[in-house]
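In structure tokens, one chain follows: the form predicted on its own.
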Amino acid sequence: MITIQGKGASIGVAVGPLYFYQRAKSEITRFKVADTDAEWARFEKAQATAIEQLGALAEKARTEAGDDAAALFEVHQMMAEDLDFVEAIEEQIKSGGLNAEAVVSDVAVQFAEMFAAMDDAYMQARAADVKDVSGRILAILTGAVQGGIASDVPVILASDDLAPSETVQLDKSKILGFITSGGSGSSHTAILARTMGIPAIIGAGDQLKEEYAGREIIVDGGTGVAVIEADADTRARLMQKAEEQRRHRELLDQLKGKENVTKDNHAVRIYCNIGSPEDVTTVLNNDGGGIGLFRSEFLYLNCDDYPTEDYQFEAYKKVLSDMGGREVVIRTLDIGADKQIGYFNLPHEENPALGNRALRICLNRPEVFRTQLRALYRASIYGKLLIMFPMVTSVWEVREAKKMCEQVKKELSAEGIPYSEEVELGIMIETPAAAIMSDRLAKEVDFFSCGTNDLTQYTLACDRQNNDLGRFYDPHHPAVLRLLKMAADNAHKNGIWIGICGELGADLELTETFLSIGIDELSVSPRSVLPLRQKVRDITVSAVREDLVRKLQSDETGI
């Protein structure tokens, strides 16, 4: 039996084979082949597989997001069959005698450069298609795994950590739990695990060895302990714990349909954080009252080029329609820092967390921002839409964003395209500047939502992705709580509501504090809705608030 101690990132116990995430190899080996006909046949087989995969993806995209989304994969299918492209590969394999991987890589570069040099913008965009199609064929030739998992059975997925672009491609039906050597409680792996409601352990370090692959592992996301090939007693104890958790979830299910009201009739909205339209099912299954954060950047991460207005429109329309009139807060594009997208061609930054990211990118690239806003307003007639701007530090930024919204609405009106006039605009309070300026910012918007992950990072000067900082990254720090209270007070003074959409919203140790300082909405991972509802129904806010005031007056607390 081998015991690994990490940090629990998503509660629960899961058991299954340990499987290490497989990344595509970036280096292409070049060598001469003796049988060029056999090598050409190898390419043809890989080409046929790629075309089949793209066809399946087109159908999946059509079902989930409409014809425009499917068109991208259909274009890639045509590129994989393009006669000039295929003949160039055949010529170089048969005359040059090189292996298929090297030839596909060389021809892809040639064609991409040719398209990029053209004057026509449409043809220039085909350069990205060539790269994507050739990358898919190369992955098949080299045996790289699409989506990182090549297993017939569900697994406990192991990795150093996963980038946002990797999490969106995972086949989630094959994942029982996560264990990573790196990462932090606010890393994308941890967030994904909590959204899926499966156990996760992060920060296992060099205890997690690839030589353990294939062996049975039990992960306990509550304690951060993982056991490989557990002895009979340990296995029985952990399986008993899993069974107790299952029974607890059944008890929580009895809370479905109940109100989020304290014993003294103080109501709070409990909403959900999601990353894709497919997550709506989990929201509804867990009785979420609405969506407090739809991370729209995952639409961009899931594409090989800038997503079109129609592609985004279909995604937003689906979420709003599926939520049946419940509020849906969609955050505008929030990339940069730990969420990098290749086709944006963002320059390297020494400190990207403090660099060109989120709303800053949108204001610097109005054509990208305008496309998203048009899609959002077009979709607004299908439900109750609220638009939220991230990474705000100044009043002028909010005014610029609002001005863009007005321009888009005028454009749509001129084109005869309907949109709702009832769309609320809000901002994220995730920088100390926004919290300190919240008295002025509240006059510009309809609501605040606090992103506690970044607020903690910027307030404490602690990188949220750096697991080595440990106790220094403390979301319970009095400075963070003081800023939240400041923002709540200023929101209510100006007649707007305030929520929390960061991971701290699900921290049951702080529920009483949040309600006592005036937080109106808590947006959490879907699996956290019912435990949070139970906590809310068990407390008396008036008593908590009186106790908090007493502590403030006697200086017993740092809030």
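This one's a predicted model, so the numbers in the text were calculated from it and none came from an experiment. Residues carry their position along the shown sequence, with the first being 1.
Another form, the form predicted in complex with phosphoenolpyruvate, is not on view; read the next lines as being about it.
In summary, among the residues 177, 451, 288, 183, the only one with a non-hydrogen atom within 4.5 Å of phosphoenolpyruvate in the model of the complex is 451. Distance criterion of 4.5 Å from any heavy atom to phosphoenolpyruvate in the model of the complex singles out 293 from the list 193, 320, 293, 487. The closest non-hydrogen atom of residue 501 lies within 4.5 Å of phosphoenolpyruvate in the model of the complex. Among heavy atoms of residue 464, some come within 4.5 Å of phosphoenolpyruvate in the model of the complex. Mapping the unseen interface onto this chain, residue 428 counts among the residues with a heavy atom inside 4.5 Å of phosphoenolpyruvate in the model of the complex.
By the criterion of a heavy atom within 4.5 Å, residue 188 is counted among the residues contacting phosphoenolpyruvate in the model of the complex.
Screening 401-409, 235-243, 106-114, 326-334 for residues having heavy atoms within 4.5 Å of phosphoenolpyruvate in the model of the complex returns a single hit, 326-334. Looking at 345-374, the one residue that comes within 4.5 Å of phosphoenolpyruvate in the model of the complex, counting any heavy atom, is 357.
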